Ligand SMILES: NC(=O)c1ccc[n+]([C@@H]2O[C@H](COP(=O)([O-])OP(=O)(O)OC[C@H]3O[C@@H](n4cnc5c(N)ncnc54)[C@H](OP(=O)(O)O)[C@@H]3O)[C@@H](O)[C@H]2O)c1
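The chain below stands alone and is given in structure tokens; this is the form predicted alone.
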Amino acid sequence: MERPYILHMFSPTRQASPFDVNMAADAGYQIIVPYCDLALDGVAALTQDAIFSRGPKGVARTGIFVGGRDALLAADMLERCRASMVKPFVVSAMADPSGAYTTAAAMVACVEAALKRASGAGLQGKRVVVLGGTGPVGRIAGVLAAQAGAEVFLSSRAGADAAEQAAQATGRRFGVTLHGASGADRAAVRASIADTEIVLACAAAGVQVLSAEDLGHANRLAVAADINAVPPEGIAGVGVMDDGKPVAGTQALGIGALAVGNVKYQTQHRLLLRMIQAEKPQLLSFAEAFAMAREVLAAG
């Protein structure tokens, strides 16, 4: 009898994400087991329990998925998984806390593709403001944009100090330069986007971060992307299905939540399939998610 495909889901939160459970099952994992309220110090023991119990052949059908809601902690947990393995007992492992890694990857890849369609250039040298930039998607979107050569500002409704603290902590963790920007009130938001070419709206569902009046202050705006699928739209005039559609009253192109979400779904699905199908163990984080999102878009 063939050994089943088993996915161990590590989460520091009280419960695993049903979205991720569904995605794992649809990718082909037959047994999916969540481990919740897991601290970083508990990762090594669980990882070694998972790898040593199946033998070298069994590890090929074993995977670890790191969830939760903290983008930085998930990266640390994935690294702890990797460091806890001993050849030949090495399994594939992937991190995607609250879908932040694949969502951020899809969002930045969609923006990059829209820029290249419009002007032939990508994110290099562009000024990017991430509204809702201290959340998990916002932080990782900022990192990916910075790695692609953009000057990135993480904006926070809690003000400049909170934004700068998040930018510095995230930048140190992932080796990029990020800046903070206040989003505490309309005046602060408008000041932050005045010379900005890219706006990434990563705020909570149902929260509009840019009104039509706000957009009137963004004279250099080229692309506005939003991941909020719950009315009202996060950026006024950007519909959930928009994929490079002009935003009324501006010179910008809009990318909506479902356009991003389609790429995010395909990215996560293909990464989970890679864990199952690859001949060698895979270690998958947001860099691999970004590469996959680019592949999805290139394939049309």
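Numbering starts at 1 and follows the sequence shown. Source: prediction; values computed, not measured.
Keep in mind that the form predicted together with the named molecule is not shown, yet the notes after this line are about it.
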Although the partner isn't part of this model, could you tell me whether residue 156 comes within 4.5 Å of the named molecule in the model of the complex, counting any heavy atom of the residue? yes
Taking heavy atoms and a 4.5 Å cut-off, does residue 257 contact the named molecule in the model of the complex? yes
Partner proximity in the model of the complex: residue 212 to the named molecule, non-hydrogen atom cutoff 4.5 Å: no
Partner contact for residue 196 in the model of the complex: the named molecule, 4.5 angstroms, heavy atom: no
The named molecule in the model of the complex has a heavy atom of only one listed residue within 4.5 Å, and of 147, 165, 84, 98 that residue is 98
Just one of 143, 77, 227, 105 has a heavy atom within 4.5 Å of the named molecule in the model of the complex. Which one? 227
Among 243 to 251, 35 to 43, 51 to 59, 261 to 269, which stretch sits within 4.5 Å of the named molecule in the model of the complex, heavy atoms only? 261 to 269
Mind listing which residues of 191 to 209 have a heavy atom within 4.5 Å of the named molecule in the model of the complex? 202, 203, 204, 205, 207, 209
